[in-house]
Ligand code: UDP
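Encoded as structure tokens, the following chain is the form predicted alone, with no partner shown.
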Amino acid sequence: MTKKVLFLMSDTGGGHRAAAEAIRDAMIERYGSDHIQAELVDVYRNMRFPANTMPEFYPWIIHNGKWLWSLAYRSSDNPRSARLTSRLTYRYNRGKLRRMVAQHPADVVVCVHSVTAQPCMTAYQSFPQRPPFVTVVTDLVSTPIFWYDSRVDRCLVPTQAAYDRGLKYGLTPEQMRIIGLPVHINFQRALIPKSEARALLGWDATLPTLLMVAGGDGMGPLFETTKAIVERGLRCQIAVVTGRNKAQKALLDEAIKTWDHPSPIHVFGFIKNMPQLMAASDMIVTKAGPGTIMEACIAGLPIILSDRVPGQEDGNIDFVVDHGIGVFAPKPEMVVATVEQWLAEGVERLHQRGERAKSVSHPDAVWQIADEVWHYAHQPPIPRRLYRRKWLQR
């Protein structure tokens, strides 16, 4: 029998879609394409203005108004504010969200987006019955309170800190499970030996290699950091991924023609072979996005965090630093100082950091999440009288 799996996500950053696709593809591989009918729905696109512009607005505000984003995050990260925000969001979008639910029937719902989780659950609760609702938390430590809705049937979290916050905000131990962050099965399969990866890329086989990334939109001071490393004269091979930021790539392409750097500098735009680049590298500079952090951990790369989204990514810094797998260096000169120190410590010390990173990576998380979702896909719909009773007994 084919099971319909509905993923609720949004293209506000690349992590939500990536998580949904990772779970979907693991389910299809494990249980067969004939048994899975999966659909990804961008919840914000199904809301009224201005929420339906969030996929375009989010990158702009993160790049230009971090202080405003931080203020909004911190002011809403308490039970009263979160409850009010979720209720107002639902009331303003009630018709749109109910229509979305009706147009996308499912045997199980998987939500991988925090802010939309509670309004969507309320929309499902407005019908005579609803499918099981599974939340997959995709923030590591400082998880927004919006993730935690005691009405959900299952809440899968990546870390103990995320689990503890769930208990604090009303979920029961029976509802939750610490499971790790979903990383696509193809990422792990594409991790080949370092020598092989460098040969395929045409990189120097002997030089220590620094990989610099800034998300799909190429945000952050990639140019300034690369220039600072070149000016310090560090003996390392540099690979820079600018993503969709064509202006930043063009600037780097022109600059490296004039820079006097003894080691190779490789500049890439938007790529689809990130596992290969990580396999070929010895350390990574990145913003504190949870997906990239976990991919780097699986690849065994020590991490230099050069930027973060205020609020939900603050805890990611704690995760990296507390586990001894990297540092927070929010300025180009701090990145350079860290790279210089790590190079001076030698390859063996880098290897030790990389092994620690692997130990916290939960590489099988996506398979375990797929199994959980498959289990709930086989549970019967939940009648209104049952979830009303559950709600009243809280």
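Quick caveat, the model's predicted, so the values are computed rather than measured. We call the rigid core whatever largest set of C-alpha positions still superposes within 1.5 Å between the two forms. When you see a residue number, it is the position in the sequence shown, counting from 1.
Although it is not shown, the form predicted in complex with the named molecule is what the next lines describe.
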### Query
Is Thr292 one of the residues lying within 4.5 Å of the named molecule in the model of the complex, judged by heavy atom distances?
yes
### Query
Is there a heavy atom of Met219 lying 4.5 Å or less from a heavy atom of the named molecule in the model of the complex?
yes
### Contact test in the model of the complex: Cys155 vs the named molecule, heavy atoms, 4.5 Å
no
### Message
Under a 4.5 Å heavy atom criterion, is Ala239 part of the interface with the named molecule in the model of the complex?
### Response
no
### Summary
Exactly one of Gly311, Gly180, Pro132, Gly243 comes within 4.5 Å of the named molecule in the model of the complex through a heavy atom, and that residue is Gly243
### Query
Which residue among Phe127, Tyr92, Phe270, Trp259 has a heavy atom within 4.5 angstroms of the named molecule in the model of the complex?
Phe270
### in the model of the complex, segment of 101-109, 229-237, 283-291, 163-171 with a heavy atom within 4.5 Å of the named molecule
283-291
### Residues Gly13, Gly215 and Met274 all lining the named molecule in the model of the complex, heavy atom within 4.5 Å
yes
### Task
Verify the C-alpha shift of Arg244 between this form and the one not shown: is it 2 Å or more after superposing the core?
yes
